[in-house]
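Okay, so we've got a single protein chain in two different forms coming up as structure tokens, structure 1 first and structure 2 after it.
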Structure 1
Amino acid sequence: MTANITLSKGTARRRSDHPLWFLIPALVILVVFFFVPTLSNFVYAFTDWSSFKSAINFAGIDNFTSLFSNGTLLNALKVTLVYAVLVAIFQNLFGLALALLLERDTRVNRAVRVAFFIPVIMSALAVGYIFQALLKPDGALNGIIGALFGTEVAIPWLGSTTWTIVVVAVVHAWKWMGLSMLIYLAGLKTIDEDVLEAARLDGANRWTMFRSIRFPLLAPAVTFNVATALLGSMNGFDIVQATTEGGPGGTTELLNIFIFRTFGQGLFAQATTMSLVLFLTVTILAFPVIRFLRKREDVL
């Protein structure tokens, strides 16, 4: 009885401390900058909005039929998926490797962690332009390789219709690996020292410890990192725009670059339709991926 009274009193006080209308400012921002644009995205995709005339008319599924009958959209979607998968793989490999290397809290490690985190807070376009300069046929990377082997090297890193997408994905992963590292470090910190000690007493070597104990226990960090890297890079634009602009030969033309190009032509409705397609693709992909990754966490 006493307990009940205190409880209801507590709830009442909490209610008066935090009235629901306190949410309104946040809600307004959410509605104006998130819900409305997303809904407009759905609406404008079915119109003929363009820069050429001021009237906007309903156009049915015209935009969808013309986009899907033209192979460019499907090609851009394919490129986007390949890019996202590559980024997810590289970013997590780099991030995990860094986290394991820099796990101990020494003074040097702390400084090095900061160094690897710096790219995360750099402008993505700046990163792109720096790498574009480094990777040019007469750029610094070829210069270094040439100096090491004593020959003239002029590899066009951004000029291969097969491999450039891998190179650009590595650049993207390089920029974001600091964030993955941070999350993996946090994950490693949560592992109970007793479990590790028990394993050590049982004679497990470092590799067994990693494979059978630490990596499985990192599952939540893996879920977050893989999901954000995969789904985030589906929306990639800046790095690829700065390094290749979708070239060579359209082999790195992500959907967002295609959207940008279409928007730039003044075909606003078509660009909106494409971004709706991207939105739906990311959504459709997100559910099974996150479900699968969460399933892995069941061992915990």
Structure 2
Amino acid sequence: MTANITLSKGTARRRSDHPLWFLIPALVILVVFFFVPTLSNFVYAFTDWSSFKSAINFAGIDNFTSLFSNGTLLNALKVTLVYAVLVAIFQNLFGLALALLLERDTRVNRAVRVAFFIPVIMSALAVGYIFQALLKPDGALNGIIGALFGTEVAIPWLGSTTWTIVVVAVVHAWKWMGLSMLIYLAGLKTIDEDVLEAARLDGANRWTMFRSIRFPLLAPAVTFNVATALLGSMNGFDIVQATTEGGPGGTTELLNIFIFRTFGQGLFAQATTMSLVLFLTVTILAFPVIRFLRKREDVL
């Protein structure tokens, strides 16, 4: 009898100390700050909620029809997709180049890796404001170029309706390229040195080894970096808001900036509708992108 009581007490103690109990605080935060707002989007997007009305009434699909009919939402969605593709390209090119350059495990390379990872842990708003100051016509970048060429330079880096989105995408990629670098470095470290040595003995040069051996074996790292860069930048806001605020002429007005402005105008239901559209767009794009990259891994 005593043994049974001792056994039951031990079982109860193990249940109370189970690791799953430590997940409860994180689950509460996730439910309150993610699941509840996300589900609220599906409710308030079909209402006329605004600061100009005292009551919230059901409006059906009026918000969707009005937003899609004037073309502003579609333009913001197009800008967001272009921006996301540019960020994914630049971030992965920069990250892969850095990983290849800093692959050797030397003291200098370790220090440089840390230096390139610092922007990742910096505030995105801080990065945006720093580059906004650097890229002004009278900013430091034009001053450096002018000093090198001995002439006055006043290039409006953030004032072109054609190239500003590319410049801002480069800034976004610069902030996050340290993370891509680490992922690619981890992938390079997993490549069997015997395979590379066999390729060298067969007469393969460095470019051939990279194209035919190293890059194909980096497929899982490419999948992770492309997916996170593409889908993460679709939710971009901080850097663009700090550098251009959606200008010039709305050419960098991402959907999140459009949502921010609409909500600030008191049109809460329309802002919620845009947020729902963004959520559905990211969700719909995530599956085919990840599926395509996974299939690429299988082929390689």
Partner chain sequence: MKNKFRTALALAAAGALTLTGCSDPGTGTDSSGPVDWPAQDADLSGTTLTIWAAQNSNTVPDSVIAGFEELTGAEVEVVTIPDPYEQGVQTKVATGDKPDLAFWQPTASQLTALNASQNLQPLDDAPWLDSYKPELRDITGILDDTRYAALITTPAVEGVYYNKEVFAANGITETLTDWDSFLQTARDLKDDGVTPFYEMAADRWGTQWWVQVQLADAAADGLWDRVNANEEKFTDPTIQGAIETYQGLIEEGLFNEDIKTATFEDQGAALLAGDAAMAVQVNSFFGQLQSLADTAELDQKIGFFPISPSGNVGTFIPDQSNALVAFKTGDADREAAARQLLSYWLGDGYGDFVNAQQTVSLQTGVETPADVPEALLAVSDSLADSVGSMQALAIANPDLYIFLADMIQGTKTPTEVAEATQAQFEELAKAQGAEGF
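Throughout, rigid core stands for the largest set of C-alpha atoms superposing within 1.5 Å between the two forms. All values reported here derive from a predicted model rather than from experimental measurement. Residue 1 is the first residue of structure 1, and the numbers go on in sequence order from there.
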For the form predicted alone, pick structure 2
Q.
Please determine whether the C-alpha atom of residue 31 is displaced by 2 Å or more between the two structures following superposition on the rigid core.
A. yes
**Prompt:** Can we say the CA of residue 54 moves by at least 2 Å between the two structures when the core is superposed?
**Reply:** yes
